[in-house]
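Heads up, the chain below is alone and in the form predicted alone; it's given as structure tokens.
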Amino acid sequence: MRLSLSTLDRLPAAVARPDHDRFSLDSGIVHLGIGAFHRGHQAVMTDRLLGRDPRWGIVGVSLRSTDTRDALVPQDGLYTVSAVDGSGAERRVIGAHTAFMVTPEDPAAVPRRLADPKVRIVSSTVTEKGYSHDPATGALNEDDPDVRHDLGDLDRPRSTVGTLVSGLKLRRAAGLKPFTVLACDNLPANGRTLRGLVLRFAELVDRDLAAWIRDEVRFPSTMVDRIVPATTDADRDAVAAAIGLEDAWPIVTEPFCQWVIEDTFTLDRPAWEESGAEFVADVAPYELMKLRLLNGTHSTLAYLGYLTGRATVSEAMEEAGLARLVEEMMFTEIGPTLPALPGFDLDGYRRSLLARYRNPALKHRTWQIAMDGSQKLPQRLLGTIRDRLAAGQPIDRLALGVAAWMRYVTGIDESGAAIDVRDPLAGRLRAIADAAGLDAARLAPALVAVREVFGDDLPADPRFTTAVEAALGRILALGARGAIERTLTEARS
């Protein structure tokens, strides 16, 4: 029997369930990108409020795939979130979504929904690549095929930025106040970055519209933190056994959940602080801390862990050398680049990250984290590297993380097996690797020259290019494990 409103009464008493009537909810939020992270983070924190304030139901929009909609509609939008660690699992059924939309099925329908006066917030988790921008500069990629399409047919948008501008255009024409745009992806200054992308797109469409957006629309920055792996069939089986019902798309995550939000909204907002969110005047220090400490080390774990044959993060942390490398990165290379956060226990946060990485119940695949590295590296590792170089400090461990990405995107692992590289630049990166071969002196400079990733400054800095080439040379000569040990030894000498 499948999870649905009609089967909620069959759930075991230990499984928490929605305390609101789904049919009484208004749809105050439209969320772009209904992947696992949104459903395991923002939707959970919103669901906890709906019994007291039913105005904030969520319309989930997929810009590409029908999969999530098709899985959840037969379940009345319900799904299970399991927060797991070594001590067990806490399960909750989430019922925050009032409807689901799939952009390709009716591209004009989503902007019309954004123009509904009840919608006051449009949020997004579309991953770094979903913003159609140059990750090295933060500028709109005006050659992106979806952006080009939307500039010519704004009534039927495909891109995230085009969808937002189309919806805002309809609201302005109707004389409505605009919604708040709430970015929840791992972009530096994500609110300010998305604001710049939206304004540039709007300027290309209508300067008056752009001026209205500039004056009227708020784009709060946020910091989100929860590890939410992709759901596996084993997860589905475990959840079904625990709740006694079939759930086509449950979420398995960790107990830890953090959301820091800049408190500037165009209209009103949910009382997310009652669910544990923190509203602050400036998100930047929290965001930088998380991007560098968590995301930077997570990517390093993913590439080196994959190369050492470790399928999950917790397995990668069983590599003693890799665990030491990540810990030393946090405390020795990343930590000194972070601003002070009065009252915040930074050392405790770093220790908690290491414990979270070791969570054996969380099967977060290194391959999944390794996706879209050309979009992630500028935010996760290269900003830290730039700050270290500016201060005249060494970058040995950070350079090894970059070099591991270079080895990974060759598409061939250390045993000669193919790597399924998922990246917007995958074809180009593979062509560069094939031309250079497994020769660090050729491969490293060729990949560093990809300006979309490294910009114009790092390829011209011999301290960076020399360190990365040396790190890649170690990986190619010694394998990932040998390179880790050599790097640890040399960094301490």
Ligand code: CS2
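Throughout, we count residues from 1 along the sequence that is shown. This one's a predicted model, so the numbers in the text were calculated from it and none came from an experiment.
Omitted from view is the form predicted in complex with the ligand, to which the following refers.
With the partner removed from view, the residue among 195, 358, 226, 172 that has a non-hydrogen atom within 4.5 Å of the ligand in the predicted bound form turns out to be 226.
Residue in contact with the ligand in the predicted bound form (any heavy atom within 4.5 Å), chosen from 239, 126, 381, 294: 294. Highlighted residues 186, 290 and 364: every one comes within 4.5 Å of the ligand in the predicted bound form, counting any heavy atom.
Looking at residue 369, you'd find a heavy atom of it within 4.5 angstroms of the ligand in the predicted bound form. The closest heavy atom approach of residue 91 to the ligand in the predicted bound form falls outside 4.5 Å. In the predicted bound form, residue 376 approaches the ligand with a heavy atom inside 4.5 Å. Contact annotation for residue 298: at least one heavy atom lies within 4.5 Å of the ligand in the predicted bound form. Of the stretches 318 to 326, 414 to 422, 70 to 78, 218 to 226, only 218 to 226 has residues with a heavy atom within 4.5 Å of the ligand in the predicted bound form.
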